Every structure is written in structure tokens, then in C-alpha cells.
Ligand code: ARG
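Only one chain comes next, encoded as C-alpha cells, the form predicted alone.
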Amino acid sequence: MASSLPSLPHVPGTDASSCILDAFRIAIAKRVSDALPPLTLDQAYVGVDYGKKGVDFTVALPRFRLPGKPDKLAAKVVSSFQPDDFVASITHDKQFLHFQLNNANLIREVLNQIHTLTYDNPTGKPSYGTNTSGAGKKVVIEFSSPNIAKSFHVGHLRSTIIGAFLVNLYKACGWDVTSLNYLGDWGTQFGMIAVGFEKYGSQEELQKDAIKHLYDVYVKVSRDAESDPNVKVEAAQFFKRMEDGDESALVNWRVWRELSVKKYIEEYDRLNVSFDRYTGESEVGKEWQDKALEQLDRLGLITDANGAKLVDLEKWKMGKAVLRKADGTSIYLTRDIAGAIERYERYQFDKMIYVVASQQDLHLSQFFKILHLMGFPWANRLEHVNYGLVLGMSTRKGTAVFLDQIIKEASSVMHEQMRRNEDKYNAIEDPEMVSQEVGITGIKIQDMAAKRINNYTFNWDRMLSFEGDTGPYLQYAHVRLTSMERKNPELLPLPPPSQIDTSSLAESTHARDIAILLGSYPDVVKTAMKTQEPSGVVTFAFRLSHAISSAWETLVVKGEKDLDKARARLWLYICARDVLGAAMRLLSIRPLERM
């Protein structure tokens, strides 16, 4: 349904058809620029910020650097003020002007836009909160990257969660996204496993759970290597045969890799994560690895250290980096360089993102610098999205750090909690799935709630609580909103938006608070794109959940005798559910309907 607001001049970078608050901001900017020449509309628009403490929007006058005192400037804007379709009132407070919007129009326009973009979108997909800022651009996002033959360790969890969020975020901003899982499927450890498999391997155990079995073999053979130095020598020789393309050395490795990927796909599916392509260090061709060495040698950047090849980056304060071992085998820096070149040739990307822990900051800096020195014009399109560590993540007994055990434990605790309410429990079709989903939501939200660069300490009690800002609380808020339609069947189906009278909502501060939050969601997505941070989306989801929780007692639907009021309130809650669900899906969380 099209907006019924008066038309306004256009400001670059705005789109009221996908973010209705843009229209209200332009109306405020127009008032300010009209009253304060030579300030232009575009300059004034940049100064319109979200307000605090119950104020919709605020303009800080000193930021415009206009001649004259803020009081006099403010008086010019206030003196000519008349309420209109956009703004109900202006108040002057020291250096600030505070603007309250026209509540009736704000609420109606926000709900209309959410409904239209969720249910009447030509693509058939809900699109509220999305934008087209990345249209025509390609991004490749590499994340997760576990090591084959090692169980999915919690150390890879952050990369997986943040990477999945970035994939969803870039898609929401119109980019063409390719997600890659670059597996650690090459290197001397495979020589170790091959040597160990002859002694400890079992085809039966391999078929049952390849990752677990290969990990057990690796642990046993590593123990042997501690007391027998020949084990490592044998392993290095075996890996050299793999690097040289010896088919007899590769045959088992291929089976292990395939079985491991199959197992990973199941693990990722539980986490609501998928990849366009599973690639790995083994797929990087030797051609560019050799060329990289030659090119850097020509530039005078290669030094020899006992047969190993090093690249000297001291003048950029990045030390010296090994590019090839003395025995001629490659190292992961060489493979990263060659891999990036091959990816550019394949995808012609506008940006490539590596989601890797901050411990690898130096490695990524060296890697990007080398590509820059090699003269690739696209080297400045590479980006490292880094993050801090998860501390203390283990089962409650403190034993393991494998993700499947953490998920199992979180699920079983949730299952026990759900069983406490027998009626609700019996209404759930698949309690196992629901308890697992709530557990995974708890893990993900605890991870994404703070700035990604910060380390955080994993806390079981906080993760599993339905109180405060936790994953289970968010799922509960969504379930409660979803239940509104089930509990009020007599109001369904709702009439078309044009026939729902929302005027009663304008009298409620709760409805206004919810509406302005719902209207701000497209901005939350744009800000996340600038910061590459999931924490802002998590904060938004909690703020919305709290605003709805505060409204339940006063904006009652069940038992409201005035049907117009009841329908308007139900519509508000349905729109809130749709936006909360969109925010959760952006965070790679599956919103539940019952729990």
C-alpha cells in the first residue's frame, strides 16, 4: 500500500519506499534548512539523528558550524513551526532541537510498509529491512574453515556464527554473495594421520563417524611421535608424496575428506548455516604458489634461511614470513596467496572477506601486503573481519570443547525446563527439535551480544536463562507474538491494511515506542553493514522484545470489546513478530512458533 504522506524532495542515499523513517527525517531536514540558509537540505539531513529519552529525532545545531549562537538559530526554526503530517512538535533544549513525529501517521505508515514488504513483495520473499546498496556487486566470504579429521571445535564456532551473519547481511543489502568453507585439508598432519591409520585405523569406525575416528587416530599417533622421532619423519615423507601427486598416498585422504565434509554438512545444518562451496588448501594449484615465489624473488623480497624461503616485510613492521619450507613443501601462507589469486580469476569479486580470529591479524596483514607488493590491483578489496576468543567454553563438567557436546548439553537442559509445563510441552510437535533450537539460540546470542573483537567468557547460566537478554528470552518473545493469532481466531483474517483503523494506537506511548523501533529496523541493517557487527542487530531484537513485553498489559487484544482497537493491536503485534523474526533470521537463528 502506497504512502499517503505528502511528497518530499529526494536526498541521495535515502529510500522512503524501503525505510519510511527516511521521509520523516527529510521533512525535519527541510524545516531546518528552510529556516537556516545557506544550510542545504542534504547537509541538514546528515544532522538528523535518533533521539534519546522518549524523543523521536534530535538535531545538534553546532555540528552545522553556522554563524550565530545556537539559541538564535534554534529560535529561527521554532518560530516558523506549524504541526504537519510529519512533525507534531519541536522543543529547544540548549544546543539541541528535539522533534516529536505525528504519532498517527508514524504508526500507520510503519505498519503499512512492514505489511507491504513482508506479504505483497513482487519477489514473493519478505524484504522489510533489506536495501539495494550492494546491487551489482560481488562478495566472497570465507568463514568457519575447520580442519578435516578434527571434531568441530568451539574455536571455529565464532567464525561460523559471524560468517553466517555476514552472508545474510550482504544478501540483505543486495550483494551477490558466495560463501566458502576453506577446509584445513592439507599439510603434514595428514602425513601423521596416514602413518597412524595403518596402526590404529578401522574402516568400521571411519564409516560410523569419520571426523571422530580420524581425530582419535591423530591423538594416538601424536602420542607415539612424542617418544619416537621417526614417526614425524615418516609423516613428513608421506605428505611430500601427497604434494608430489602420488596416487597411492592420496587415495585414503580423498575418502577421509569426503566423509568429513558429509559429517560437517550435518553439523552446519543444525546451526542453520550452509555454504555455496566447500573448498580447501588441497585445491590450491601449485602454479600460482611457484609464480608468487618467483615474482617476490624478482622484487628482491625473498631471503633464504637454511633452504627455507622467507619474504622480508620488516620495513612495513610485519617481520619475516616463511613461504616455503626447506623440504620444498608449501606452507599455508603460500597457499593463501595462490588461493586468493585463483578466487579472483574465478569470481571477479568486488570484495573478499576472511572471517578469522584476531590472533591471526599479523598473518592476514602479511598475506594482504604480499598480494599488494605483487601488484594485484584487487589486493585492496580483501578484508579481514576479526574477532576475540571464547573463554571457558566446555561442558558443565568442564570436560570437552567439541561443539556437538555443547549443543547436546544445552538441548537437554532446555528439554528439562520445557517439561516443567506439561500443557505447553504436550502442544509442541517436536520437543527435541525445539529444545535443540533454543539451546543453539542461547549459544549464538551469547556470542553475538558483545562487540566481536572482545573476548567473552562462556556462561552456561546466562546462556540458558529465560530472564534478561538471552537467546531463550528472544525465542520466547517471538513465540508469544506468534501465539496472538492462535489466541484470537475470531479477529482473523484481518481486513486489508487500508481498512484497519490505527488511530487508537496513536494514543498509546507503548504503540508509539514499538512503531518507532519497527521503523528503525532498516537503519539497523545499514549500520550493521558499516560496522560488520552482529551486536547492533542483537541489541535491536532485545529492545523490541522489551518494548513488546511492556505493552502486553495495556495493549490487550483478548477480551477487548472494541473490535477496531483489538484488530489494530493484533496487527501491531503481527508486524512486530515479522520484524523480530527478520532480525533473528539475519542472525542465522530459526524463529520458533511454539515452545
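Nothing here was measured: the structure is a model prediction, and the numbers come from that model. Note that residue numbering follows the sequence shown and begins at 1.
Below, we turn to the form predicted together with the named molecule, even though it does not appear here.
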- line: Per contact check vs the named molecule in the model of the complex (non-hydrogen atom within 4.5 angstroms), the hit among 370 to 378, 141 to 149, 459 to 467, 491 to 499 is 141 to 149
- prompt: Is F81 a contact residue for the named molecule in the model of the complex, using a 4.5 Å heavy atom cut-off?
  reply: no
task: Would you check, heavy atoms only and a 4.5 Å threshold, whether Y354 touches the named molecule in the model of the complex?
output: yes
query: Closest heavy atom of D447 to the named molecule in the model of the complex, within 4.5 Å or not?
result: no
- request: May I ask you to check whether E281 falls inside a 4.5 Å heavy atom distance of the named molecule in the model of the complex?
  value: yes
statement: Exactly one of Y332, Y425, Y347, Y119 comes within 4.5 Å of the named molecule in the model of the complex through a heavy atom, and that residue is Y332
- request: Have a look at R512, H115, R452, H363 for me and say which one sits with a heavy atom within 4.5 Å of the named molecule in the model of the complex.
  value: H363
message: Quick one: H156, Y182 and D336 and the named molecule in the model of the complex, is every residue within 4.5 Å by at least one heavy atom?
response: yes
